[in-house]
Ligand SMILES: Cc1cc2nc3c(=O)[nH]c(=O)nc-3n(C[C@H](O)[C@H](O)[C@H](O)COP(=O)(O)OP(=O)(O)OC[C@H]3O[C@@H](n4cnc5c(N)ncnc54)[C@H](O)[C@@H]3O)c2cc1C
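A lone chain, given as structure tokens: the form predicted on its own.
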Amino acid sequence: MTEVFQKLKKIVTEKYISDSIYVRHAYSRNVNPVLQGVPDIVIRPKDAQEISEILKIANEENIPIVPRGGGCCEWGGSIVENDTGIILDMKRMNNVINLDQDNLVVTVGAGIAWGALNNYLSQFGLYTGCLGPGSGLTASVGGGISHHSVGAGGCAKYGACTNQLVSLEVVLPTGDIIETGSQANKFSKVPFNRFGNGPDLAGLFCGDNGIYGVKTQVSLKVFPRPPFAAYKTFVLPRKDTEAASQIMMEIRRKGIDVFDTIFIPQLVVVLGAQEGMFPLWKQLKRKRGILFYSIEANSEIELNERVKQLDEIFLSKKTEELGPEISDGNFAKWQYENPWHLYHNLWGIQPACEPFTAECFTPLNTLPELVADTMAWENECKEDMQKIGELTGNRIVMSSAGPVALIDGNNVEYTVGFNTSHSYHEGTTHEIIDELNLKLWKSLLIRTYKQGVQYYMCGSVPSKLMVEIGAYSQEYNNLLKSIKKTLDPNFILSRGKFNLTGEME
């Protein structure tokens, strides 16, 4: 690997490459608690041309490469497999390249964080609509496009962040550089439209989880931020999941334009208040599920009419409205003013515990059944959960759902998972805990798969499970393989995801 290191160093200079054991281990994990892959080399290119040269060397030497944005993915998507390969750190490519205020399109380096981009746009009274993933203070725009990300805010109105995509600059695994959308026409002066000039090749790289190309520049539609906003929070009745599902379906049936509607289930409310995570709900007499909405409008008349329509729907389902201030329990106001902070309420809910999570899209009308099946899964897994508890003294906490965010159409983002102990406890490493946690995690993912959900952030674990349990038809799986082989004949990029290794192909 020394010879490869020297070749790569000539591309980026010594400052932007490392094979130090400390740096390599710093890039060996993302946010899940158990997966790890230590790379051979970490490199930070500055542009598409440098990435092209890096990929050409990787092909010559048959070394796998994994692109890494903010490293916020949950399922091993930005770490190497089998402790071998190169991490392509995209963080140097974090600048705003152009803001076209006439056409309302912004072009950025794919390594910029959603929070940083929206902070810049706010100076012009603009935003990206969907604010990206809940981890968008650090998660990159390129990563969001790779995952069809939602969660930070605005996804009920704008849907996944890929809905706002105009064009991409992509380095293919062979090192070729292409542009999509309007920029496929080399005479086009500015990005202005995703569709046309033939097939929508940008769609090939949306949700690809990094297997088909390295996104280097991203052009997104941006929107004027409306001057008026309202936000309200409601305590749900006893059957909170059913009530939340019915309310959100009614919002869609009536065609009411909401910025966000998010459901937080009773278990999370109770434990969150108990552990000090949600102090604003500590004094609630009835700690039940919470549902809130936020809306934006261009006039007070428009805003008030929409508030009236929404309140009628919420109150008809026997909800209880909380006061207008955050101190009254109005979580909606806090979330609207602090995007990228709600994300995943399993993190931090229990001291000394870590979450294993599953995030997917599902239709609104299937939500109650999905939650009920998840609770049944928990009952069936009690023996393994108890084994972990016996070793650490910590009880595994299951979140049957939360948060559940309304996205485009009649769909929601369903977040489910369990809080569990780390294998290192009081000076001893219990390897059996890692084994049990991984077993439970995969079991939960498979269980939800078989309910027909749609995983969008696939990483290395879910993408492989989809293939292994036969979720894809043979024809669909063959198409994935053939596209991969055409674009990446040596299976260099994100090797192993979706079981695309190049072996026995």
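One rule holds for the numbers: they count along the sequence shown, beginning at 1. Please read all numbers here as calculations on a predicted model, not as lab measurements.
There is also a form predicted in complex with the ligand; it is not shown, and the following applies to it.
- With the partner left out here, the ligand still marks one of 130-138, 172-180, 190-198, 230-238 in the model of the complex; by a 4.5 Å heavy atom cut-off that stretch is 130-138.
- When the ligand is considered in the model of the complex, Met90 lines it closely, a heavy atom lying within 4.5 Å.
- For Trp441, no non-hydrogen atom is located within 4.5 Å of the ligand in the model of the complex, even though that partner is not displayed.
- Although the partner is absent here, Val106 sits far enough away that none of its heavy atoms falls within 4.5 Å of the ligand in the model of the complex.
- In the model of the complex, none of the heavy atoms of Val269 sits within 4.5 Å of a heavy atom of the ligand.
- Here is the short version: of Val214, Val416, Leu291, Leu406, the single residue with a heavy atom within 4.5 Å of the ligand in the model of the complex is Val214.
- The contact with the ligand in the model of the complex, taken as any heavy atom within 4.5 Å, belongs to Ala110 out of Ala202, Cys360, Leu370, Ala110.
- For the stretch 363-380, the set of residues having any non-hydrogen atom within 4.5 angstroms of the ligand in the model of the complex is empty.
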